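Before any questions on how it binds or moves, here is one chain, the form predicted on its own, in structure tokens.
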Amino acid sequence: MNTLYSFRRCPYAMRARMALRYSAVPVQIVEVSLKAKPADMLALSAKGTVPVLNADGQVIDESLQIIDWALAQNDPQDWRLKDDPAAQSLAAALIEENDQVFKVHLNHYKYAERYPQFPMPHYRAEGEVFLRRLDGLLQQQRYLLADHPSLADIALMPFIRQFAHVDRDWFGQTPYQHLQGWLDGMIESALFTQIMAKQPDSHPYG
């Protein structure tokens, strides 16, 4: 049995769980207490961060690598957009911008009291640059890069959700109507609902 060490509210763990659920790979989910990380997880990955996948002895402790591994096993809806190199390149660029730039703005916005150099609206405005880009893409089709979910949607959604939830009233009155609709659809999807359901200490997928 494959084992994923996860934390329910971690956006990196969310996207890994979505990919594993989608690919229907059997996996046991172990919910980790960040204050008391299990010794067996630390033995696999000294980083001590989630997610960590033990795939039949192969240890993968980066969420994007876990997603790649899952999709290599089974990708029934073509999340990888394997016949569209241009879309693949754009997906990679969006994910890099999300992980390297937007995530910094998200942290500053969500925990603005820790970064008193600027007021919260300043950090929110910096994050909005990425929101506007995504809203523009979603004016062309239902999902970011295609008419069905792709790797980009899954990799970005937990972080956009987190940004939106810092101040839901503010997000709801923004002009990013396409992004709002996309996010609502992703949150209400069976896939996301399933991976966010509270589970016992472990729960097998597949």
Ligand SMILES: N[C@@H](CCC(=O)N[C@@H](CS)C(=O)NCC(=O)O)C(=O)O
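The numbering used is simple: start at 1 and walk along the sequence shown. Everything quoted here is computed from the prediction, not taken from an experiment.
Another form, the form predicted in complex with the ligand, is not on view; read the next lines as being about it.
- In summary, among the residues 54, 49, 180, 28, the only one with a non-hydrogen atom within 4.5 Å of the ligand in the predicted complex is 49.
- Within this chain, residue 59 is remote from the site of the ligand in the predicted complex, having no heavy atom within 4.5 Å.
- The closest heavy atom approach of residue 186 to the ligand in the predicted complex falls outside 4.5 Å.
- Among heavy atoms of residue 37, some come within 4.5 Å of the ligand in the predicted complex.
- A residue is said to contact a partner when one of its heavy atoms sits within 4.5 Å of a partner heavy atom; residue 63 meets this definition for the ligand in the predicted complex.
- Interface residues of 1 to 28, taken as those with a heavy atom within 4.5 Å of the ligand in the predicted complex (partner not displayed): 10, 11, 12, 15, in sequence order.
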